[in-house]
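Heads up, the chain below is alone and in the form predicted alone; it's given as structure tokens.
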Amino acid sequence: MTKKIPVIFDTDPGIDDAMALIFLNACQRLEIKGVTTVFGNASLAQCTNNALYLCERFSIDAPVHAGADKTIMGVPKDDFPTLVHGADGLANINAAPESRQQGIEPASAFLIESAEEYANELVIIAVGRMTNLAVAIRESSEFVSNAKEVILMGGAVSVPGNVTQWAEANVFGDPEAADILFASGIPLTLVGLDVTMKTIMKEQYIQDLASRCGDAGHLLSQITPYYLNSYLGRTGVNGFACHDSSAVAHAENPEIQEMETGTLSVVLKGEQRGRTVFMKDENGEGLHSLCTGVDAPKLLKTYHEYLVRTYG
């Protein structure tokens, strides 16, 4: 049997984060070694609560470590996207774990220790602000050399942002942290709006999936109507983009997306603050990869099949 890839899921659950976590738990090539939480879709405390609840509900035997509750520059956040994710981040279902408790160590320490334990093997799938990663990079040069790769859901290079004309939410929420990660030397794959907006989970798709995958389907029935309504109100489309699960899909099967190689950076000042910039390397070299295309039908089929097989 092929050895599974050790993965840490860095997240701010979040409806799409929850959908990505149950997908990650169903993946064949990936093994969850830990979940680290960061502020973003809700407060750090609420996001950590949600991660603990999801891990308990779906028997995900991985520690949960809380991380940053403010940006790398120390700026707190209190304007959470409640219209998209609900006041509790999970469509106002007010979930709470019965017995699971978070790890004592902060997320940055857990990331550093895990990268050492799984040296040159650990893949970090980051689907929120990059603050935890930036803290780990600042605290340990060994973390940079030990981590194999970061797969990041974030950024918008050739398409408009979803917070400003230029910026996507995860990068815009802490641009300085993104800048630290991009400049760190850790190999990085960006799964941004350039591809996530091309894979749409429509209401009928979700309803069919929910009817076939047991308790995971019950969760989808609980949380996705809120998400669908937020998209319908903003876009007029009865479906939502497959954001965080696209990063998980890339980790499971990189061939599901098309990529270019080059260098990523982020704009820190002016009206374009938070903009992600990509400079393509014509020689195909560089530490950064940008996903530019996706086989959307295959991604949707994979998500459906994995959840039905695991939870149905």
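Because the structure is predicted, anything quoted here is derived from the model rather than measured. So that there is no doubt, residue numbering starts at 1 and follows the sequence shown.
Omitted here: the form predicted in complex with a small molecule. The next part is about that form.
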Candidate spot I124, H250 and H288, all three in 4.5 Å heavy atom range of the small molecule in the model of the complex? no
Going by heavy atoms within 4.5 Å, which of 31-39, 259-267, 65-73, 240-248 lines up against the small molecule in the model of the complex? 240-248
Is N170 close enough to the small molecule in the model of the complex to count, meaning some heavy atom within 4.5 Å? yes
Under a 4.5 Å heavy atom criterion, is V135 part of the interface with the small molecule in the model of the complex? no
Contact flag, L193 vs the small molecule in the model of the complex, heavy atom cut 4.5 Å: yes
Can M153 be called a contact residue for the small molecule in the model of the complex at 4.5 Å between heavy atoms? yes
Please pick, from S140, N146, N162, Q222, the one residue with any non-hydrogen atom lying within 4.5 angstroms of the small molecule in the model of the complex. N162
